[in-house]
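Below you will find one chain, with nothing else, as C-alpha cells; this is the form predicted alone, and questions on how it binds or moves follow later.
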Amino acid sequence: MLPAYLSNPFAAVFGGGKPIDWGKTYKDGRRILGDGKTYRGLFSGIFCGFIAGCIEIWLSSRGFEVMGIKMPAFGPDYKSSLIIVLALASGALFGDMFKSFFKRRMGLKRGASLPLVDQLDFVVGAWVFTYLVAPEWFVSNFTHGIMLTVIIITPLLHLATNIIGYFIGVKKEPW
C-alpha cells in the first residue's frame, strides 16, 4: 500500500497550479472537483508513489525484511511489478478525485470533513485500479485479513499525516 499511501500526501505537498477541472462547474452549478485537485499535484503524487513502489520492488528483489517480514513482490516480473505500482499510486489519487466530485455534488466545500470516506477513498481507488490491471495478483496479496488491517489502520495513518500537513502548512484543516 505504500505507493498509494505516499501519493496522496505528496500530491498535497507539491500540488498547486492549474486545477484539473479548469475552474469549470458541473450542471448543478458547483465546481466539478475544486481548486484542491491540480495537475501538478496529480502528477507529482503519482510520481512519488511510483518511486516509492520502485524502491520497494528493488528492496524485495534483494530479500529485504522489516521486523522479520519479507517485502511483498509486486508481480512475477519487473514489468508487471511496475504496472501494479503505477496502479496503486494513480488509483489512490483518482479515488480521491472521485470522492471530491461527489462531495461537490453534496454541496460540501473543499476541506469539509466526510468521516471515513475522506480516509478510505484513496484506498478504494488504489484497490480498484490494481484489481483492474492485475486481478490474480490483487486477490492473492490482498486477502481478507490484509484488507481489514488496511481499513482499520488507514484512518489512523491518514489523520496523523493530515495533522502533520496542517502544522507544516500544506493543509488548511487537520483532517
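From 1 onward, residues are counted along the sequence shown. Rigid core (definition): largest C-alpha set, two forms, superposition within 1.5 Å. Keep in mind that this is a model prediction, so the values were computed, not measured.
The protein also exists as the form predicted in complex with a small molecule; that form is not presented, and the subsequent description refers to it.
Proximity to the small molecule in the predicted bound form, taken as a non-hydrogen atom within 4.5 angstroms, holds for one residue of 120, 52, 134, 42, which is 42. With the small molecule omitted here, the record of contacts in the predicted bound form names 109-117 of 142-150, 109-117, 123-131, 52-60, defined by a heavy atom within 4.5 Å. Among heavy atoms of residue 16, some come within 4.5 Å of the small molecule in the predicted bound form. Heavy atoms of residue 37 reach within 4.5 Å of the small molecule in the predicted bound form, making it an interface residue. Proximity of residue 90 to the small molecule in the predicted bound form falls outside the 4.5 Å heavy atom cutoff. If you fit the rigid core between this form and the one not shown, you'll see the Cα of residue 162 move by 2 angstroms or more.
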